[in-house]
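The chain below stands alone and is given in C-alpha cells; this is the form predicted on its own.
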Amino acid sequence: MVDKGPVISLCRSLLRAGHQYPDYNIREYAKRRTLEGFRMNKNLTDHSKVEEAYAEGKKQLEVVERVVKVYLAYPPRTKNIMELKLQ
C-alpha cells in the first residue's frame, strides 16, 4: 500500500519537473495534466488500483524528466507569443 506521503511527494515532483520546461504551453499542459490526474485518482480505494496509479505516475515522472533534458539541450529557435516581451 502506498501511503499519502509518497503520493504527495510524487505530485510535487511532477509539478516541479513540469515547471522546468522552457515553453509556456508545455509547462501549463504538464501542470494541468498532473493536477487532473491526481484529482481523478484521489478517490481510489482498491490497493491494487492505487499501486497501479502510483507506478504510472512514477513512469510519467521519468518521461517528463527525460523530455525536459532534451528540451534544455535543444531549445526551440523561436519564442512563444507568451514569452515575447512587449515593445
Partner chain sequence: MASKAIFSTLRRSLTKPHGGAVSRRHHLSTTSAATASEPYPGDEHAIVMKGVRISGRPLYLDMQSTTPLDPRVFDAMNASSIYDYGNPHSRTHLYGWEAENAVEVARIQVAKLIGASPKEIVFLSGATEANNTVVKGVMHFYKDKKRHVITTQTEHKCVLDSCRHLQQEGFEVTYLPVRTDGLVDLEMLREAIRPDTGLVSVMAVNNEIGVVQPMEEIGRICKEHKIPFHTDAAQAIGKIPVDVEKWNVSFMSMSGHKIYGPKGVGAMYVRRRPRVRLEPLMNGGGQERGLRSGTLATQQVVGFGVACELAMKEMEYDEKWIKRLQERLLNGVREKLDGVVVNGSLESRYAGNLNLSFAYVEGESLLMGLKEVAVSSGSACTSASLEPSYVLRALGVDEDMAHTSIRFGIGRFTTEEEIDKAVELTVKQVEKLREMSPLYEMVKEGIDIKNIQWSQH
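Residue numbers count along the first chain shown, from 1. Keep in mind it's a predicted model, so treat the numbers as computed, not measured. Heads up, when I say rigid core I mean the largest set of C-alphas that superpose within 1.5 Å between the two forms.
Although not depicted, the form predicted together with its partner chain is the subject of the following passage.
Task: Distance check, Glu28 to its partner chain in the predicted bound form, heavy atom within 4.5 Å - done: Yes, Glu28 is a contact residue.
Open item on the list: So in the predicted bound form, is its partner chain close enough to Gln20 to count as touching (4.5 Å, heavy atoms)?
Closed with: Yes.
Open item on the list: Using a 4.5 angstroms cut-off on non-hydrogen atoms, would Arg66 count as touching its partner chain in the predicted bound form?
Closed with: Yes - in the predicted bound form, heavy atoms of Arg66 and its partner chain come within 4.5 Å of each other.
- [ ] Report yes if any heavy atom of Leu84 sits within 4.5 Å of a heavy atom of its partner chain in the predicted bound form; otherwise report no.
- [x] Yes - in the predicted bound form, heavy atoms of Leu84 and its partner chain come within 4.5 Å of each other.
- [ ] Using the arrangement in the predicted bound form, list in sequence order the residues of 56-71 with any heavy atom within 4.5 angstroms of its partner chain.
- [x] If the 4.5 Å heavy-atom criterion is applied to its partner chain in the predicted bound form, 56-71 yields Glu56, Gln60, Val63, Arg66, Val67, Val70, Tyr71.
- [ ] Superpose on the rigid core, then tell me if the C-alpha of Thr78 is displaced by 2 angstroms or more between this form and the one not shown.
- [x] Yes; that C-alpha moves by at least 2 Å between this form and the one not shown.
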